[in-house]
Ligand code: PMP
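Shown next as structure tokens: one chain only, the form predicted on its own.
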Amino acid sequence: MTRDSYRSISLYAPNRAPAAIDLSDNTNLWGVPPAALRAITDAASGTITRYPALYAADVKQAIADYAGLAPEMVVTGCGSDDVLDSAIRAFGEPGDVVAYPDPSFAMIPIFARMNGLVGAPIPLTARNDADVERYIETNATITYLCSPNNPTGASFSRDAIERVVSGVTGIVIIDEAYAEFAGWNCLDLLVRFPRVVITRTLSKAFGLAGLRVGYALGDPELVAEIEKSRGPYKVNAIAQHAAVAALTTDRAWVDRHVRDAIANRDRLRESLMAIGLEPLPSDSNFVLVPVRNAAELDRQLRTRGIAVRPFVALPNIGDALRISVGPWQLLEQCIAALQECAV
């Protein structure tokens, strides 16, 4: 990649200006899991002054137990975006094609260009599902599916996912950052299809976004290639201790707040419809709401101390606001503010 082409890569730069109520990042708004917080606050000075474990073996074991897999099927990274970047670099060569949904996670086309690959956006169907035939026709080296999808919030149908996996010839990456909120996942495909890699994160349901812990699951040979691409020391020592605590001791806390998020998500959709909006169905911890002028509405909400994520001209959707789900009192204030704005 030339210096000029590198400079042409657009930055992922969401507006994270402080707001009294921040509903913009889809993180856990109920706080930090208790045992994870203790692991952070009680960390010995040696944890900070020494290098962490090279490849986070303890975290791998905790994730393996959580997912019901062997630890050699796990690779960790500095957030799931680091794992995705490493996977694209591991499995693609310059000029290869990465197929991905449009719209979907904004970093995928950026990672493709950073690694010299060519992005191939595949529009969603009218039902916001994966267009199976388009993925197969693209003949991509790497196919990326995000389910539940960000920013739409909807899961791809199980039938569409299996047909894509069966029909394409390259590596398939299934991004399950929001799987805990969907109630189902694709882990069983790892046994049937050794070309499948599933990426996940502890930033959403597990409340550790600031510590940046992500992981991928897959065939040991694929995992080994990602690990070589990602390099050592990608998960810091404090994050490793907190991740193990969250995965082993705090599961009941996490499960309880996942249930809270699902209940509030459905309640939020009903409340938005009651004020004349048409939020999309969601299997995630956020709701996407089509609006007339997302940028202006975002500005009006910010003047009222509320941050959401605006999207402009999403394919087949248009302008929209993505609203993260949290404790109901926060969502009530967001709904009230929307009623005050010129929506």
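Just so you know, these numbers come straight off a predicted model, no measurement behind them. When you see a residue number, it is the position in the sequence shown, counting from 1.
Another form, the form predicted together with the ligand, is not on view; read the next lines as being about it.
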| query | finding |
| --- | --- |
| Region of this chain that lies against the ligand in the model of the complex, out of 204-212, 234-242, 133-141, 112-120 [heavy atom, 4.5 Å] | 204-212 |
| The ligand contact at residue 128 in the model of the complex, heavy atom, 4.5 Å | no |
| 4.5 Å heavy atom contact, residue 84 and the ligand in the model of the complex | yes |
| is_contact(residue 150, the ligand) in the model of the complex, heavy atom dist at most 4.5 Å | yes |
| Partner proximity in the model of the complex: residue 76 to the ligand, non-hydrogen atom cutoff 4.5 Å | no |
| Contact residue in the model of the complex, from 105, 253, 91, 181 (heavy atom within 4.5 Å of the ligand) | 105 |
| Partner-contacting position among 146, 99, 216, 172 - heavy atom within 4.5 Å of the ligand in the model of the complex | 146 |
